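Okay, so here's just one chain, in C-alpha cells, the form predicted alone.
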Amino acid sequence: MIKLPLNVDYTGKVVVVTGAGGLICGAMARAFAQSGAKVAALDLNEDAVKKLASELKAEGFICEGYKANVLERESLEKVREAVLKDLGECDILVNGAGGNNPKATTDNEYHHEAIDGKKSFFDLDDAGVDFVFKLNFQGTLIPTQVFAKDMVGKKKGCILNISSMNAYTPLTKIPAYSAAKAGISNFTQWLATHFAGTGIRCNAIAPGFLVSAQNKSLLFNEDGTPTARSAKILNGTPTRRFVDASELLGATLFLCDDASASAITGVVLPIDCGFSAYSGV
C-alpha cells in the first residue's frame, strides 16, 4: 500500500500503464489500483508486471500484468485484445515507457573540454540516437494509436504522457533524450487538439531530477556527497533537493480525473522542484 496524495475515485475505470515494470510507473499503476481502477500493467519485463499484479491482487485490488513491447504494434494489439477480455475497454492511457541510451550520450558536457578517447558529439552512435527517439516518441505514439481506439468509441477518455524538465531546457550530454522529450511535449499538445472533438483529453507531466537505483551512483559519491554534476543540479534548483517519485502521483491522479480536470487538456506540467523556473541568479 502507498499513501495516496488525492482522494480520487477511479472505480470502474480501465487504466493502461506502459512501463509499469519500473519504479515510477509501477507506483502510478499502484495508485490507480488503490483508487479503484482496473489496471493493465504493461512492460517488456514480464516478471516485474506479473509481480506487481500479484501483489495488488493480494491486497484486494484489480490489476493484470502483460508483457508488451511499445515499439511493436502487433504485440500491443494482442495485449489490447487481452485487456478487453480481462478488464474491458481502456479509459485512461499512461504512456510511461521511455528512457535514454549510453550510445546517445556524450562523455563531456562541452566540446571544448573533449578528451581523446572519450565520446564526443561527433562520436554519437546513429543506432543509439535512433533507439532513443523511437523508444520515447514512437513508444508513445504507437500505444496511443492502439488504445485510444477504445476512447474514440466511447467519446471520452484521457491520455497522460511523460515528458521531462529537459524538454524545456536541454541538458548537456543527452541531446537525443532532450530532443525526444521535447517532441513528447509537442505531441501532447498535438494530440489534445486532434482529439478535442472526441471528448479525449491529453496532458503530460514533466518530472525533474529523481534519484533511482539506476542513477544513484551518477548523482552521489560513495561517501554520500553529491558528484560534481549532481551539485550543479542542486545549485540550479531553488528548493535544493531532488524530486521524489511519490511526488508525481498527485498530478497523475488529478490530470486523469474527469471530475477534477475536465477542462484541462494540452498541458505539460513541470514537477521539478522549481528547476525549470530558476535562472540561476
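Since the structure is predicted, the reported quantities are computational estimates derived from the model, not experimental observations. Don't overthink the numbering: it's just position in the shown sequence, from 1.
This protein has a second form, the form predicted in complex with a small molecule, left out of what is shown; the following refers to that one.
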Counting non-hydrogen atoms within 4.5 angstroms of the small molecule in the model of the complex, say which of Ala68, Ala41, Cys256, Ala33 makes the cut. Ala68
Please tell me whether any heavy atom belonging to Asn235 falls inside 4.5 Å of a heavy atom of the small molecule, as the geometry stands in the model of the complex. no
Whether Leu135 contacts the small molecule in the model of the complex should be assessed with a 4.5 Å heavy atom distance threshold; does it? yes
Can you check whether Asn215 is within 4.5 Å of the small molecule in the model of the complex, heavy atom basis? yes
Counting only non-hydrogen atoms and a 4.5 angstroms cut-off, does Pro170 reach the small molecule in the model of the complex? no
Could you tell me which stretch in 186 to 194, 110 to 118, 80 to 88, 96 to 104 has residues with non-hydrogen atoms within 4.5 Å of the small molecule in the model of the complex? 96 to 104
